[in-house]
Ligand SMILES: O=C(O)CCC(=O)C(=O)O
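Coming up is one lone chain in structure tokens, specifically the form predicted on its own.
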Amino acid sequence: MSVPSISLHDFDARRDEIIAELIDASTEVGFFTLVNHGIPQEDVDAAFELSRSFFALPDAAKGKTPLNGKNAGWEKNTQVRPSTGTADQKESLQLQFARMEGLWPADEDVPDFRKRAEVFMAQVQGVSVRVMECLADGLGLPRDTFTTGTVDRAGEGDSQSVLRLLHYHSTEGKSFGPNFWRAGAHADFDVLTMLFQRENEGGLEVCPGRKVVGDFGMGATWLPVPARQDSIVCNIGDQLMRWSDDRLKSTYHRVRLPEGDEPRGPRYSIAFFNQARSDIVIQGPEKKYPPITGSRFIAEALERNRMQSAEVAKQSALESAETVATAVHYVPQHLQAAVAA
């Protein structure tokens, strides 16, 4: 098994073929990569330069827009996964189309940040719409099911989609325990994720085998996803797995620390999470799960995944970022037997 690559070239003429490839990848693996997706490479490069400029700022400047509990703002070393009990070795800035008052980096810190970010967000959302319409067609649902469910209606400001700029810290000269990761194993809780990577800044791995949305089940094999700048890595999220009555698979994935002769420098990636609008009701055609609104789904997911953990956030305010990043905050249940032995 491998992560399929799907080309969007000649999209209109090949639409039925593309739909079949997307459905096959989404039901079997839950991950696929897109090539010939239509976003110019220079625009992707510009987005990475914007990200690099922000993360190069002093923490005091980045801290002007802290993560606010509503999936927007900056955090550093405070995301602890249920699968690890340790903080991801990274920092991130989360941006939305709505609810961003006071959370955009200042022009004095990064000139025209908001304008440049929103242009790229719109480009990625455009590709996302194409893919989500294909997935709806492939499931036999109205074509606009997932796009109406995620894209903000004019003037309503109820979009919850997020662009997340990610900076994984350099590991040069550092050593870590056995259960430390750049990003611990997790499943995304959105509809569809689109991830941009830089060439040779790898480490992403996926683990097919999850059967039911909301569980922590994984298969036994981790598949590497090569870091290529000319492709978009896409994966199904928990919202879409539930919306499809578990037909489309939200797959666990992780970003491991560099190994062997791999570069130890920083890793940058950019993720766009297409998330259900606040008031949209998520329920599949077979009604396998009870209805749930987009806002309630995300609130429950944030709690379940310990995002912006109150304990870790409190600790990070009192101790150095290095101390927080290297601490074991708790031992997950599935690792407790190994620790006891």
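Here the structure is a predicted model, which means the values were calculated and not measured. From 1 onward, residues are counted along the sequence shown.
Form predicted together with the ligand: not shown, discussed below.
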Would you point out which of 120 to 128, 104 to 112, 237 to 245, 164 to 172 contains residues with a non-hydrogen atom within 4.5 Å of the ligand in the predicted bound form? 164 to 172
Select from the listed residues 150, 250, 269, 78 the one whose heavy atoms reach within 4.5 Å of the ligand in the predicted bound form. 269
Going by heavy atom distances of 4.5 angstroms or less, which of 95, 195, 139, 206 would be at the interface with the ligand in the predicted bound form? 195
Touches the ligand in the predicted bound form: residue 186 (any heavy atom, 4.5 Å): yes
I'd like to know whether residue 255 contacts the ligand in the predicted bound form, with contact meaning heavy atoms within 4.5 angstroms. yes
